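Below are two forms of the same protein chain, given as structure tokens: structure 1, then structure 2.
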Structure 1
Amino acid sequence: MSQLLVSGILLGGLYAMISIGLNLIFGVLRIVNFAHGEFIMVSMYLAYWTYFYYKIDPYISAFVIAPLTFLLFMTVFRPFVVKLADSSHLGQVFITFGIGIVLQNLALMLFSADYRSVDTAYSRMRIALGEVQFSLARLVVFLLSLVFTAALYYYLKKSYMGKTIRATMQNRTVAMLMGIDTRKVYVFTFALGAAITAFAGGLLLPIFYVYPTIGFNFALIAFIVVILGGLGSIPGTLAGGFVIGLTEALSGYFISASMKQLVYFCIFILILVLRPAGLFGQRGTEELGVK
């Protein structure tokens, strides 16, 4: 039983890591980014080819890919983000969904449908604590998810930019009247969310194979984690990840591995019936804004 709990917690940390960036973009800015999974896929390919050609460890290249992604969205893709933020929700759905399809098919055309992975010194390394064993790579992702959650929560609560982000998502009109450049806030937040997503993609490479359609699975789980934890709630992302991770581990063992998605979807629906705003969401945030 202890093995299942540890596996579920580590898996939950992994799910939280891939969902933090989405919570910034979807939960705070209310931009429905259906290309989130493809952002992860592209960053995994970047980490793979960096390792393939230059033998740079994915955990090192992730620290390069993330800042480059941030700079790209702050400069080259800035007009796109502004246009996306000003679009209707339906327009955002079509735009981001279309971008996801384009990125997916470009990856298929350039890299084929082959499954690719890296073989590092720690890829198959396992740590044993008594009867409990777990992967070193998953432990690293789990610890980093805790660090990123705490750092982002503190940044949004204490920093000036964090306060402007929260003010903008609570009421964009009032924020503009107070002198806040809301377009700058939207671009910065989108770029930060994309950078965190790119960083997560690099961390996932030693654990998962990368192929053009892998993003769909990650995006589905990330949306569930964000909504389950509460829109805009960074600690809620971590809690939502743990709920899904533990549900997968326990249901996969006691029921069936093929039924684990059904089980966590049932739990997801049940929690939203009881708490429409999610576990850590504020009442009304599912309709008006986030805390």
Structure 2
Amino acid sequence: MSQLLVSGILLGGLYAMISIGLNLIFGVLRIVNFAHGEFIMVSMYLAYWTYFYYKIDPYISAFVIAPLTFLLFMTVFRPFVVKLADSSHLGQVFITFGIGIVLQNLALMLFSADYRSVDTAYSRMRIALGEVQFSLARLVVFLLSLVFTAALYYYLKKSYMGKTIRATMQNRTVAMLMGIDTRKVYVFTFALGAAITAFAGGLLLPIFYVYPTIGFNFALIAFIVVILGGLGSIPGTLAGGFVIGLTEALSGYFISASMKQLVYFCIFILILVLRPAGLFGQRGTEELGVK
């Protein structure tokens, strides 16, 4: 039993880690990003190939891929983010869905559908504490998820930029009246979310196989976690991650994979209908940024 709990919590941290970026993009900016899973997939492949060719450990390349992603989105991809931010929600769904399709199939074309994984010095290492066993890689992700959650939480709450981001999210027009260049805010926040997601991808490589269509499952979980935890609430994402992780670990033996998906979808609808702000979201914040 305690094994299940530990597995669940570690998994929860992992799920939180892949969802934080989405919480910034969808939770804060309210941009529906259907390519979220593909962001992770691309990052995983990048980490994979740098390991394959240059033997660079994915944990190290994660620290490089993330800032690179940030820069990319602040510069080259900037017009795209702006366009996305100005589109309707449905437009965002389809534009990002289209990007997702393109990325998936590019990966398919270039790398084939083969499952790939890395075998680093520690990727198979397991730790035993009493009766409980778990993999080192998962522990790393779990710890980092705590770090990122805390860091981002304080950043949004205390820093001036954090307040600027929150203000822009609550009322874009009035934010403009404050002298805020809301486009810059959107681009910055999106870039940050993308970078964190890319970072998560690198962390996942020692744990999961990578293949072109792996994105969908991650995206599904990320959306559930974000909605469950509360859009725009960083601690909420962590909590949501734990709930889903624990649920999955505890029910793992009893329910098949597809039934698990069914349960997730049902949870999703229930939350949306009953408590759209999520577990930790501020009541009323779900209304922001939507018509």
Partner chain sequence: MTKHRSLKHEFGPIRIVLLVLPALLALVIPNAFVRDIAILMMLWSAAASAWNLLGGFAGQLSIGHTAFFGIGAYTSTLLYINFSVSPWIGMIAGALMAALIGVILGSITFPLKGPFFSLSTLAFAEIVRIISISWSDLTRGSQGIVIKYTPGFGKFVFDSPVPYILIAWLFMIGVYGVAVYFNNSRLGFYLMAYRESEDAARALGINTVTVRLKAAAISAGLTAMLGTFYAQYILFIDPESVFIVDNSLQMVLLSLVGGIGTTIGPIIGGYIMVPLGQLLRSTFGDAVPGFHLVVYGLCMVLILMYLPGGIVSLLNRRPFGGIRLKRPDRRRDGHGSVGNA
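Under this definition, the rigid core comprises the largest set of C-alpha atoms superposing within 1.5 Å between the forms. Start at 1 and count along the sequence of structure 1; that gives the residue numbers used here. Fair warning: this is a prediction, and the values are worked out from it, not measured in the lab.
By the stated condition, namely the form predicted on its own, the first structure is the one that fits. Comparison between the two structures places the CA of V273 5.0 angstrom away from its other position, after core fitting.
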